[in-house]
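Only one chain is given next, in structure tokens, and it is the form predicted alone.
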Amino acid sequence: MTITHAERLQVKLYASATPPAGEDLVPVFHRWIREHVVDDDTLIDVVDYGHVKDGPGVALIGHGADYFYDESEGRKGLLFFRKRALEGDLRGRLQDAFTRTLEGAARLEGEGALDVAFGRDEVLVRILDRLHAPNDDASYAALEPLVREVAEAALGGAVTLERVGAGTKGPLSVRVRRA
């Protein structure tokens, strides 16, 4: 098995303006469930983890993927988490994750009462599949060109990549910045 078999991945965009309080998203996410805003996944529940410092924030739980108004790293942002297999290769799964993250951010920005904005100049990519993508040099070397290709297409220009958490027990992670 190789990194191309990795299925569980995350993409995070960071809030660029004064972010709203997490609890303000709870009714928005509940409405998204009622209105079937994500038409090709079943959204199930909303969970508020606001009591956890630098934690997952508010989670919109779906069958195949979750959306978090994430507060990890001490920075708020929208985090998309693909937790179930998606047909295709890792490139396709990364493309899907970038697309859904950008679409989710646009939806939240369209919620006028929230007054939230997300930057498109920095993205965090994590592969949460230690069997297929251990946090080692070989996995990073295989992941780096795929992330670069997908990020440049999704963000519309050249990017720089920085490995995050090398040599740690954390997931294989890459910080992407527009050049």
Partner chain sequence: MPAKTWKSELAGRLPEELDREIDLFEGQIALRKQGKMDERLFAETRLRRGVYGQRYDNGLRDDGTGPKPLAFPCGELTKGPDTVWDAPGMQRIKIPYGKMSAEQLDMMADLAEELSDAILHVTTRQDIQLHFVHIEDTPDMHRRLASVGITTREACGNSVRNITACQFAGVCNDESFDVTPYAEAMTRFLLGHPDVQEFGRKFKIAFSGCDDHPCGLVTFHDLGAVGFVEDGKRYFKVVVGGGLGAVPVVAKVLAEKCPEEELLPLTQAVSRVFARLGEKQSRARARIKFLMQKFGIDELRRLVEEERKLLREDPRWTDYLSHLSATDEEPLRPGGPLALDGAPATFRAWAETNLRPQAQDGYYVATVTLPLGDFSSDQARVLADLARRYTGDTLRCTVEQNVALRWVSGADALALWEALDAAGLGAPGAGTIADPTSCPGTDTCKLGISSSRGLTGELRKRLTVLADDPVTRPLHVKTSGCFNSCGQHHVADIGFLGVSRNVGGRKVPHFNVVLGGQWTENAKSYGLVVGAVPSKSAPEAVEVLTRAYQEGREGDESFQAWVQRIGKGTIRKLLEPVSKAPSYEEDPSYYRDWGDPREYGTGDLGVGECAGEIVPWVEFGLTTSEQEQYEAQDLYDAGQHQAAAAKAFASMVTAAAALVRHLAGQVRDEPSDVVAAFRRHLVDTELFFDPFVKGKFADYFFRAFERRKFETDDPEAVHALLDEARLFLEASHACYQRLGATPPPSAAGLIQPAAE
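Numbering follows the first chain given and starts at 1. Only a predicted model underlies this, so the values are computations on that prediction, with no experimental measurement involved.
Note that the form predicted together with its partner chain isn't included here; everything after this is about it.
The candidate spot formed by 56, 68 and 128 is fully in contact with its partner chain in the model of the complex: every one of the three has a heavy atom within 4.5 Å.
At the 4.5 Å threshold, heavy atoms of residue 138 stay clear of its partner chain in the model of the complex, well away from it. The closest heavy atom approach of residue 5 to its partner chain in the model of the complex falls within 4.5 Å. Taking non-hydrogen atoms only, residue 148 never approaches its partner chain to within 4.5 angstroms in the model of the complex. Contact annotation: residue 33 falls within 4.5 Å of its partner chain in the model of the complex, judged by heavy atom distances. Just one of 61, 142, 117, 37 comes within 4.5 Å of its partner chain in the model of the complex, counting any heavy atom, and that one is 61. Taking its partner chain as positioned in the model of the complex, the residues of 147 to 170 that bring a heavy atom within 4.5 Å of it are, in sequence order, 169, 170.
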